[in-house]
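Only one chain is included here, represented as structure tokens and corresponding to the form predicted alone.
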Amino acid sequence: MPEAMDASPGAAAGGLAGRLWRGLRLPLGDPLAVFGLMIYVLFILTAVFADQLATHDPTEILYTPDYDLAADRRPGEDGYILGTTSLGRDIWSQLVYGSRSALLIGLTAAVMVALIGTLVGLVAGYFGGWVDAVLMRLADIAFGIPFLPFVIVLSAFLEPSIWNVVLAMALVLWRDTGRVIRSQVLSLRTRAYVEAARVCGSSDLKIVFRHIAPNILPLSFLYGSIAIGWAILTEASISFLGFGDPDTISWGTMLQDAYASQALSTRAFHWFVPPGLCIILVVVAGFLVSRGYEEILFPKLKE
């Protein structure tokens, strides 16, 4: 495996905070990665200011001044930006508030996947022996679990909640991060500055988190950015199949509602195309950001 980044003593001396900042700045040199970050920023701002951007309560059933159900309104009709659903709910407001659920799930799942995978990789790679064997056998088991069926089964046994997706990703998808981090730690633990720290009497805990961890943080960010798109896509899939939380507005529940109401046959493209595009944009943004990290972590990919 190519070396991810410089692991010199000077680099390690930069400390965890300095390396964390450097890891966050790495993708800014790639225009496509910057475009992906801009997509994230756009959706984050939408989620933060959802109360100001939404024109109605997303769950409110709307009526006309004549007390008729304001259902199946087309975009722009009666002042509705994206029209209304068959139950008279404002589609634009649902789309805006859906960004909150998407980012909440995506960011939480990304943190969990990156955190668990990084800790497992650090411990397994540094200590080796039976610790490495046990953790990697757990990773093998996780690789053998089909992800989407696992989420469906988990959602069926638990109460419907968006946190089912986060829990499933935390239990299964740490495997990729853990494997890659472990392989990098196996290389870093043999470096001269690590041996010097060990000779000077540094504890294993200090060596792991002060000298090794800062060098693998960008890899953690890489897999975290990928996990954001995976989490949002998984939540949409689960909600579309009817296993999502019916009390939470998300892009997945919008698609499921549109499908149940036969929006495609009635050519109500304004109902299901916007949430579909939002899901695609977030997933593509995760890919672009991870691509930016890969080209900097592994420069040979540019050749």
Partner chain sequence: MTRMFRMAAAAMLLAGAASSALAAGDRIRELKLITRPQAAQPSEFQFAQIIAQEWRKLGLDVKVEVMPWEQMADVVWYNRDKWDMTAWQMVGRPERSDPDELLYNLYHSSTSAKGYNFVGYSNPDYDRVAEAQRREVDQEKRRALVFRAQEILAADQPVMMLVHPRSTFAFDKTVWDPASVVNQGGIGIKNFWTFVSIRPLGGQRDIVLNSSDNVQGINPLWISGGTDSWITELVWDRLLRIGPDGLPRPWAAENWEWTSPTSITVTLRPGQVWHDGKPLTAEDVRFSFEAAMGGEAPMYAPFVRNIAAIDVDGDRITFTLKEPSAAFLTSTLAKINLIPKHVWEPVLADLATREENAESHQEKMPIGSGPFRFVSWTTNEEVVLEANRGHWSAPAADRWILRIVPNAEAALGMLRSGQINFLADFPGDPKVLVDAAAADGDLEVVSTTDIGFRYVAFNNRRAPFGDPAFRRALSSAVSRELIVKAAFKGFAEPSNSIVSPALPFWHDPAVDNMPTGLDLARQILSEAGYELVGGKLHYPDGVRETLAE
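No experiment lies behind these values; they were computed from the predicted model shown. Numbering follows the first chain given and starts at 1.
Note that the form predicted in complex with the partner chain isn't included here; everything after this is about it.
Student: Within 4.5 Å, heavy atoms only, which of 86, 202, 108, 183 is in contact with the partner chain in the model of the complex?
Tutor: Exactly one residue meets the criterion: 86.
Student: In the model of the complex, is there a heavy atom of the partner chain that lies within 4.5 Å of any heavy atom of residue 48, even though the partner is absent here?
Tutor: Taking the distances in the model of the complex, the answer for residue 48 is no, it never comes within 4.5 Å of the partner chain.
Student: Find out whether any non-hydrogen atom of residue 55 is located within 4.5 angstroms of the partner chain in the model of the complex, and reply yes or no.
Tutor: Residue 55: no, not in contact with the partner chain in the model of the complex.
Student: Hey, in the model of the complex, does residue 263 get a heavy atom within 4.5 angstroms of the partner chain?
Tutor: Heavy-atom contact with the partner chain at 4.5 Å: present for residue 263.
Student: Is there a heavy atom of residue 69 no more than 4.5 Å from a heavy atom of the partner chain in the model of the complex?
Tutor: Yes.
Student: Are 61, 246 and 259 jointly within 4.5 Å of the partner chain in the model of the complex, each by at least one heavy atom?
Tutor: Answer is yes for this spot.
Student: Out of 144-169, which residues reach within 4.5 Å of the partner chain in the model of the complex, heavy atoms considered?
Tutor: Only 159 sits within 4.5 Å of the partner.
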